[in-house]
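First comes one chain, alone, set out as structure tokens in the form predicted alone.
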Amino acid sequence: MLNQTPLQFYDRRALRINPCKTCQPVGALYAALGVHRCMPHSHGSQGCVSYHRTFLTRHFKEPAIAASSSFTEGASVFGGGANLKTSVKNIFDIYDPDIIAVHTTCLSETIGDDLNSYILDMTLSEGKLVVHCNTPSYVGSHITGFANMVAGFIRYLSLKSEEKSQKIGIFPGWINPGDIHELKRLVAVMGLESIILPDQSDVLDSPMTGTYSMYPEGGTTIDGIRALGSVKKVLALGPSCSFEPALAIKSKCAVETDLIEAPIGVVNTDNFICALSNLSGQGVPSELEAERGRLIDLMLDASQYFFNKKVAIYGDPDTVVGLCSLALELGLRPKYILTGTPGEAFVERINKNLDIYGAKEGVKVKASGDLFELHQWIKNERVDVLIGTSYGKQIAKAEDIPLVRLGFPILDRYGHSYQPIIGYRGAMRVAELIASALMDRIDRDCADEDLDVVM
């Protein structure tokens, strides 16, 4: 399929081929879906929001609702203020959300629409809210848009308070609903109460009841976002997704924040559990110690299949950093590590992990890369397994390499968004997926006389 990908490298600065990212509004839309009774709104052309909704729906296999300002030639020339005011009125009249979260697109950004002034000029019914963030599609990635939207909710709604509650805040970053369920369980086991922003659990994994609900039971409530200003501390998970929200809550509400890696893998989960333990003032429960012990047992049992196997990992920066950490803990050798999201801090975070294990030699790490380049690397020197999104399947097929689907988006499989990859349980699942992929390859390639039911 991709046999014409050349071995020779060229310095491509103005062109991306099969980019390992999508645009900011996709991330803003996903963040807004994590707020209860919120209607995401795309300030731009109707075609933009149709694509963004489709992209999320294909990953989660759930309807991703959103509205649009539906720009035409007139709005493109004279500004979209009238379109936005009309659409906001229609959305509240027809769909009755509690809040509308507006994000921009490349078109509205290019013509310079001032959303803040448009919103201030609106007359809203009591109890109805409109917030916004700027998400130009030609800057950053969907991760940038996600961070901007979460920060937008905080800037509009969170309230500073001199009296601190006993709750903690958690910015989970871009993770699946199954991961958020696991986050909630870990927090509860540690004896804490939390406000999670955003919270897509029970929204994009809502149960089938036979009746469609535009606004499922899940999502962070408006009161919850306001109360973030009074929590005793916020744990911001994943610097790429959560730095901007952490900065916003600290700047507006003077809430202390700890910015830590997403709890993917043993060490990162240990750090998260220790942070929770410090906040609760309690030790780690035996339940979590047992989970950690079972994870270590699995890693040891399958270590001969992991050891020294070369792996390429690609996807969103916070997810890739966590998966790289777990890969090193399993005994795998990360060979190629790539994200499409710009930002050299990603390279520094990966190199820090590699240095701990003395595994930096010969490893290619790149931010703002693309899968064409990853394929070129693999053509020059193969790896044993690919870990990443569905967009790597052409490379996997062309080079006959097993693919373990993790991250966003996964468009060609089912059930992934319900299962966690964070925490000790999530690490067990990832370890099992990688081990199974490697062992399936051994079974496929071995001679008939070597095919054994016991491995």
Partner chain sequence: MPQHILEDRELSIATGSDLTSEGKTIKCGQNSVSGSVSQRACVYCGARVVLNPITDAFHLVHGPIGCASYTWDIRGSLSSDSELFRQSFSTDLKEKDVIFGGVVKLKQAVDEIMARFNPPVVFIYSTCLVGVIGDDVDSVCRESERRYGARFINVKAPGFAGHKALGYKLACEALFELIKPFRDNPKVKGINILGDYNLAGEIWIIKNYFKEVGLKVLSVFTGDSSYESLIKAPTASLNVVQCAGSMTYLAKMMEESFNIPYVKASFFGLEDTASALMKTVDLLGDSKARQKAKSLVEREGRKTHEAVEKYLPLLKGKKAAIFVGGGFKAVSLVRQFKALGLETVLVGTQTGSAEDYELLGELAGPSAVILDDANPAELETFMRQKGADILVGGVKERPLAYKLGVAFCDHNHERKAPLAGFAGVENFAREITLSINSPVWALARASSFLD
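Residue numbers count along the first chain shown, from 1. Keep in mind it's a predicted model, so treat the numbers as computed, not measured.
Although not depicted, the form predicted together with the partner chain is the subject of the following passage.
> Which pick from Asn134, Ser76, Ser230, Thr257 sits with a heavy atom within 4.5 Å of the partner chain in the model of the complex?
Replying inline: Contact check passes for Ser76.
>> Give me the residue from Ile356, Ala188, Leu159, Val139 that has a heavy atom within 4.5 Å of the partner chain in the model of the complex.
In response: When the partner chain is considered in the model of the complex, the option within 4.5 Å is Val139.
> Do Phe307 and the partner chain come within 4.5 Å of each other in the model of the complex, heavy atoms counted?
Replying inline: Heavy-atom contact with the partner chain at 4.5 Å: absent for Phe307.
> Though only this chain appears here, would Phe71 touch the partner chain in the model of the complex if you measure heavy atom gaps against 4.5 Å?
Replying inline: Contact with the partner chain, yes.
>> in the model of the complex, is there a heavy atom of the partner chain that lies within 4.5 Å of any heavy atom of Arg16, even though the partner is absent here?
In response: Within the cut-off, so yes.
>> Test of understanding: in the model of the complex, would Glu399 fall inside 4.5 Å of the partner chain by heavy atoms?
In response: Output for Glu399 is no: heavy atoms all beyond 4.5 Å of the partner chain.
>> Looking at heavy atoms inside 4.5 Å, which stretch does the partner chain contact in the model of the complex, given the options 217-225, 149-157, 88-96, 297-305?
In response: In the other structure, the partner sits against 88-96.
>> Would all three of Lys128, Leu183 and Gly283 be in contact with the partner chain in the model of the complex, where contact means some heavy atom lies within 4.5 Å?
In response: Spot residues vs the partner chain: no contact at all.
> Looking at the partner chain in the model of the complex, which residues in 34-62 have at least one heavy atom within 4.5 Å of it?
Replying inline: Going through 34-62 in order - heavy atoms within 4.5 Å of the partner chain in the model of the complex - the hits are Met39, His41, Ser45, Gln46, Gly47, Ser50, Tyr51, His52, Arg53, Thr54, Phe55, Thr57, Arg58, Lys61, Glu62.
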